[in-house]
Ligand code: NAP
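To begin, one chain is listed below as C-alpha cells, in the form predicted on its own.
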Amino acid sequence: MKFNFHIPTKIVMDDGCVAKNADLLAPMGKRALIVTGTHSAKANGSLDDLLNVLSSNGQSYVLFDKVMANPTVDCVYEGAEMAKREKADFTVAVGGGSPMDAAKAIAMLACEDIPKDKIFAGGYSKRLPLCCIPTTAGTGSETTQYAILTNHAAQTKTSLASPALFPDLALLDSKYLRSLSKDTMTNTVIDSFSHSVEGFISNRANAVSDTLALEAIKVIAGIIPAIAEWRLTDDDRAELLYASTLGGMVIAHTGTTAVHSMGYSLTYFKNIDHGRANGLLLTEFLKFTEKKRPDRVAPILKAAGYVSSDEFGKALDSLLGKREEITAQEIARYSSIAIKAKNIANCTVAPSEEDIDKLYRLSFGI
C-alpha cells in the first residue's frame, strides 16, 4: 500500500462552535477582513456569532459582502484591494463555497502581486491567515487547496490550486444550515455527493481518500429521502455538514473528474447551479465508468445501499426533478470546452470529446 495524505487545516465541529473557539481566532491577527455574500450569513446568525467573538477578542474587522454565486476574478481583486486598504491581517470566510473560494483568492492576492491575466497561472505561495465558517453542506472548500472562479476568458470556471490555499482553521456548526431553502440544501448536498463519488473513481484515489469517500457516500445516501421529502432534522443537517467536509478532504487529494468540467458549462452558459449541474451528469458518468471499471463503481453502490447504478440514478432523480432543455449545438460547444479541462486526466476511465458529447445527450435525453 502506498499513499500520501495531508490536511493542514484544523477542523472543529460542535454546536456553538464559533463562540466556543474564540481562542483559536485570537492569534490569527488584529484586524479581520470578513468575506461573505450579500445576506445569508446575516440571516442564519453566523455573522453575528463571529462579530461577537471578534469583539470579545478585541479584534477589529471590515466587511466585504459582495461575493456573488460563482465569484469572478474582478470580485476577488476588489476584495484584495479592500484588505490592503484597510490593513487587514487575517481573513474569515462565512458562507457557502462561493465566499470560501473568494476568501482564499483574496487572502492570497492581498499578499501576492499578480496581474489579472496571470491569475490562473499558478505559483502562489503566500496568503493572509484564513478561517472558514461554512454555512452549507456542499463544497467542502474549508478543507481544500482550491478556489474556483468564473473565468470569462475561457468561458468556464477555473481553479486556483496551491497548498498555500488550505485554510488554517475551519469551524463547523450545523445550526447555520437550518435557514437554507430546499433548493439550496438540495443543490449543495448533490455537490457534496458528487465530490465523494468522483473522488472514488479518480485515478488519484488512495486508501485514505477511499475510506473518507465511502463514509460520506453512505451518510448522504441515507439522508436523500429526507431531503426529497423536506423533513430534515438537526441530526441530519449535522451529518450532511460532516459528509461535506469529508468530501472536501477527498477531492483535496483526488481532484474532481469530467463531471465537474462538463458541469461548468451548464453553470456558465445556462446558469444552472453548480451542484445541480454535477447531479444532472453524475449518473451517466458513473455508468460510463462502470463499463470498464466495475470494481470502482461497486463499492460506491454498496456504500450507498443501492443494488445498481440505475437505482443510484433514481435516488438522484428524486432530488433533481425535471431537467433543463439543452440543444445538440450547445452540447457540441460544451464538449469542446470540457475536453480541455485538466480534471479529464483524473478520470479512472478518461472520456474522449465524443464520449463527453454522448454523456451530455444521455443525461438530457436527446
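Position 1 is the first residue in the sequence shown; the rest follow in order. Treat the numbers as computed from the prediction; the structure is a model and nothing was measured.
We do not show the form predicted in complex with the ligand, though everything after this point is about it.
- Proximity to the ligand in the predicted complex, taken as heavy atoms within 4.5 Å, picks out 31 to 39 from the listed stretches 31 to 39, 47 to 55, 325 to 333, 295 to 303.
- Using a 4.5 Å heavy atom cutoff, none of 59, 76 and 82 lies near the ligand in the predicted complex.
- Using a 4.5 angstroms threshold between heavy atoms, residue 190 stays clear of the ligand in the predicted complex.
- Within this chain, residue 127 is remote from the site of the ligand in the predicted complex, having no heavy atom within 4.5 Å.
- Heavy atoms of residue 69 reach within 4.5 Å of the ligand in the predicted complex, making it an interface residue.
- Interface membership of residue 251, defined by any non-hydrogen atom within 4.5 Å of the ligand in the predicted complex, is confirmed.
- Contact with the ligand in the predicted complex, defined as a heavy atom within 4.5 Å, holds for exactly one of 199, 97, 263, 167, namely 97.
- Of the residues given (194, 257, 144, 91), 144 alone sits with a heavy atom within 4.5 Å of the ligand in the predicted complex.
- Residues of 174 to 190 that come within 4.5 Å of the ligand in the predicted complex, judged by any heavy atom, are 176, 177, 179, 180, 184, 188 in sequence order.
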